[in-house]
Each structure stands twice: as structure tokens, then as C-alpha cells.
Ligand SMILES: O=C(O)CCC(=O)C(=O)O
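Form predicted on its own, single chain, as C-alpha cells, below.
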């Protein structure tokens, strides 16, 4: 008999009630020391391995190597440490504490590396316009593997903007057009309007985690530090009100998922993680790395070529809203 899959691990600490109140009021909170040192060390090792084995998205859409920016998405499908953190770590337990829903599903994760001196900024944005989903029960955990300051591209947020009705178009670094929803206005640069808005950011150490929602407006400058890289990851979880809602120029899903518009996010691409993982949803992934669908990749690469982002030019970071 195979060993049963583990349940989500208990966290080294839970969010305090004060932190949760801050999150509900502001749309974002920085929780100090939420992850233990062993988890951070494992992630550092896993990230270096992932940088050497980028997926098609990492190689053909997210990478701006000449400028010191690297990123990838759905890394858990290919690298076991990312898989185990997504499915079996304390993060599902913490997501349940935040969302309070009966079940929690894993949405996706990605990493974003800005090497020392990387000039690539993260334009101010909200996350939800980039995603082919609808719903509000989404919690993002932004994890740093390095000491972070505003100089080294620490994230900044407009406090309280999660209550705004306004939605902004998806704009990537360089303001390339691939993910722009032209029906939406561009976000103002709130870093230039600090006197008008409540802009907040934190100096962070490894183990600190920023918790934020899908609508709060955020961005970051390039990495002005000449000595320190900024390596970060975001893990995202969702509750049952989040459903598949494909739209023009949103995040491509390169793995077959079998969902129809209006279906709740679930299944092999968005597996349940709380109260426990459903074995049938992750059986293929537990058996080994699960490459993306050749059909989906082919369609995506054709779309890139049709959009002018062929294999011989440096691509914009399609998910730079989450380069976060």
C-alpha cells in the first residue's frame, strides 16, 4: 500500500488577530517570522535549481536575462520542493486561517528574481485583471529569500485600495501590449503620489511574509542595490467562490485542466489542499514532474509570435504584475 499523502503542516506560528485585522482593513499586512529558517533554506536551493531548468514560460516569456530579471510560473508542476511547499507545508493552513472557507485550493505560484542592479520595475497594478478567474477568496503570500528594502525593490502597496471599485489594465515592465486589457485604464504611478495616497512598504528579512488580496494596488522599483539580489516567490490560494473565467490576454494556462467557464477552480491544476489534498487530483504530479500540454504550449507560442514576441527577441515579463 502506498503511503497516504500528508496533511498540511502546522505553522511555526499563526497570524495574530491584530495582523488579520490589519489585512482586512488595509488589504495587506507584513507578518514577521512567519516561515522558519529550514523552509527558507530549502526554497533557496530549489530556486537555484529552477533557474537552471526554466519552463517554456520562464524561457520564452518571463526571462529578461540581459537586465537581470528571471521569473517562472507553475513551478510546482516541475520541481518537488515547490510542490511540497504548495501542497503540504504550513501555507495551506495559514490560507485557511485567512480565508476561513471550508475548503482551500492551491491557485498557483511563481518566482521573481531581480539581480543586483536590475533596472526592471514592477508597474503599479492589481492582480485580478491578469488572471482568468472571477471571485474574491484569494490570498497571496509573498516570500522573500533575501533582505529587502525599497532600494532593493521591496513591494509597496496603496493601503485600503482593496476597497476601490476601479480596475486597472494589465501592464508589464516596458509597457508591452501582450497582457493589456484595453477596456481598463492604466494605473497611476502611486510612487510619485505619496502625498495624496497612503503608500506603505516594509524592510523585510527572510522568513517575513507579505499577505495581500487580489485587488490591492501594488508595485515596486527596480533593484537599485549593487550588492544584493532580490529573490522572491508568491504562493496563492483560493476558496470556493473562485471560478474559471477566461478573458482576453490573461495568464496562459499551459496544463490541461478540464474546466469550463464558470467552473470552480479545482482538479489537477488547482488541487484542493485543505482540509487535505485529494489523492486523485495530484496522483500524476506525485509520480514525477508533469510537463505542460504540447497543445497548449504550441497555441501559446503561436500567440507570442503573432503578437511580435518571437523567439529571437527579448520578451517582456508577461506576469510582471506578480514579479511583485
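Numbering follows the first chain given and starts at 1. Given the structure is predicted, the values throughout are model-derived calculations rather than measurements.
Keep in mind the form predicted in complex with this ligand is missing from the figure; the text below concerns it.
Undergrad: So which of 244, 74, 82, 212 gets a non-hydrogen atom within 4.5 Å of this ligand in the model of the complex?
TA: Result of the distance check: 212.
Undergrad: Considering non-hydrogen atoms and a 4.5 Å limit, which listed residue (144, 89, 122, 225) is close to this ligand in the model of the complex?
TA: Flagged contact: 122.
Undergrad: Taking any heavy atom pair closer than or equal to 4.5 Å as contact, tell me whether residue 127 reaches this ligand in the model of the complex.
TA: The answer is yes: residue 127 has a heavy atom within 4.5 Å of this ligand.
Undergrad: Please run the contact check for residue 162 against this ligand in the model of the complex: heavy atoms, 4.5 angstroms, yes or no?
TA: Although this ligand is absent here, residue 162 would stay clear of it in the model of the complex, with no heavy atoms inside 4.5 Å.
Undergrad: Against this ligand in the model of the complex, would residue 234 count as a contact residue? Criterion: heavy atoms within 4.5 Å.
TA: It does: once this ligand is placed as it appears in the model of the complex, residue 234 has a heavy atom within 4.5 Å of it.
Undergrad: Wondering, does residue 112 line up within 4.5 Å of this ligand in the model of the complex on heavy atoms?
TA: Taking the distances in the model of the complex, the answer for residue 112 is yes, it comes within 4.5 Å of this ligand.
Undergrad: Within 4.5 angstroms, counting heavy atoms, which one of the listed stretches 185-193, 248-256, 217-225, 90-98 is next to this ligand in the model of the complex?
TA: Residues of 217-225 come within 4.5 Å of the partner.
Undergrad: Under the 4.5 Å heavy atom criterion, name the residues of 243-269 that approach this ligand in the model of the complex, in sequence order.
TA: Nothing in this stretch is in contact.
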